[in-house]
Ligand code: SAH
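Just one chain is shown here, as structure tokens, and it is the form predicted on its own.
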Amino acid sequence: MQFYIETVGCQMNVLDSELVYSGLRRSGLEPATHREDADVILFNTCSIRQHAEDKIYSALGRLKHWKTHKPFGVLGVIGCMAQKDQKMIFQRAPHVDLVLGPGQLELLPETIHQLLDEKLQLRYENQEAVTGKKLLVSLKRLEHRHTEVVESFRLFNPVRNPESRTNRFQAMVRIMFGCNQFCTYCIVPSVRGPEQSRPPQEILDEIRTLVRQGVIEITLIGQTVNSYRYKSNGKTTRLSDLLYEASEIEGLGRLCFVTNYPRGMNDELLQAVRDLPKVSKHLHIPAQSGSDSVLRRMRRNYTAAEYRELIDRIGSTIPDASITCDLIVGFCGETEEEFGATVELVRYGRFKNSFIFKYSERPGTKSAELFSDDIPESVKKTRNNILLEIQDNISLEQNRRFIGRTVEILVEGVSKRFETGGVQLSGRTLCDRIVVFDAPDDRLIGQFLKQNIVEAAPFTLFAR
């Protein structure tokens, strides 16, 4: 029996798919090269924006023909959209067999084998492949006690097969699950549940295992990774403590972490980034807006002045650090003056890059309940393009400062192959800048190299 996983969304989803891949392999299933060849097809889904959900429902619709040809196969929807839409998925796509939320992933291998066994029995009995639908989701946060909700979002962090990762030199390690921020526009606290931090020793043991498998770079991930906090025997371990301990692991070459919440960027964390040579000097800290009134409607719990002060603290503590940022344009009621405040924040912050999104109303969020999505799509698009142009110019100015300098990069993979032979390889600096250079072959992948920068574009440095 073969399985195929298609993943949409953030790094957390990518990691979940790696863990599911390993769990299904251990259960006896084999990965399929092509989706149509599989006996089990799983969509690991995202609910951050409507476009991501529309893409999944469209793909499910196209798989009716697969179900016709493979009536005894299993079609499943897992991840955030599964937790959010639940029974609605069966209503919109009746040929789906399984809907399973991100807090139930440890039950996935067993549930798939149950479905396959039921279908196999019906096949032997020469009956139609009609089995019971499987719906496995966590409890809703507002309808149950906190302890019950936490227990319903089970942590799932099995040891991974090296082949589950797209790059054998890099790996992600989840240090926490869920989110407690409740920003009005965001569905994540509902679909990922309350914050839960993993025991530090468990995290360090996982890193050591990955390093023994040949991993050089580890990225610690969490919805708000700098909210990590684990209490045991009267001791509290925070992200800064974890960075110090992980940096001592022999064989680990680089340590990164994402994504950060602005109010959690304390001085202890910044000093750890400054003082630990293995820790990336790149900080991803979403601002979302530069307007205080918009930030209040978003319930972000900080002001634009506080975010600017954070930028200043980073600059004085870690002068060579790069900062990237998430921004939302066209949030409910955003005026030209409020958008202008975001423009000014981008100019002040001089971010390495900004990930700019047009606001997308999500059913089940507070903003959908409290506010009207009243900014026309054309205005959202215009504001998006204005910010992109400003950010591109800033990114180019910053990258040009590297021309003539020698930087160290970790070579990550092939950027392109030439018909005449040879390849263009791609890597990243300690401050997360992408560097590409020509090489005779791909044998340098996974190595640290010194490179001379000769040219710059907004998002790429070119080396010789």
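The structure presented is a predicted model; accordingly, all values stated were derived computationally and were not measured. Heads up: residue numbers just count along the shown sequence, starting at 1.
The following text describes the form predicted together with this ligand, which does not appear among the structures shown.
Asks: When this ligand is placed as it is in the predicted complex, which of 360-368, 114-122, 229-237, 68-76 ends up with heavy atoms within 4.5 Å of it?
Replies: Result of the contact check: 360-368.
Asks: I'd like to know whether Ala32 contacts this ligand in the predicted complex, with contact meaning heavy atoms within 4.5 angstroms.
Replies: Taking the distances in the predicted complex, the answer for Ala32 is no, it never comes within 4.5 Å of this ligand.
Asks: Any of the heavy atoms of Asp292 lying within 4.5 Å of this ligand in the predicted complex?
Replies: It does not: once this ligand is placed as it appears in the predicted complex, Asp292 has no heavy atom within 4.5 Å of it.
Asks: Would Ser280 count as a contact of this ligand in the predicted complex, using a 4.5 angstroms cut-off between non-hydrogen atoms?
Replies: So Ser280 does not count as contacting this ligand.
Asks: Answer yes if any heavy atom of Cys186 is within 4.5 Å of a heavy atom of this ligand in the predicted complex; otherwise answer no.
Replies: Yes.
Asks: By the heavy atom within 4.5 Å rule, which residue out of Pro200, Pro109, Gly349, Pro286 makes contact with this ligand in the predicted complex?
Replies: The option sitting close enough to the partner is Pro286.
Asks: Which residue among Thr259, Gln104, Gln170, Ser164 has a heavy atom within 4.5 angstroms of this ligand in the predicted complex?
Replies: It is Thr259 that has a heavy atom within 4.5 Å of the partner.
Asks: So which residues in 291-312, when you check this ligand in the predicted complex, have a heavy atom no farther than 4.5 Å from it?
Replies: Stretch hits: a single one, Arg300.
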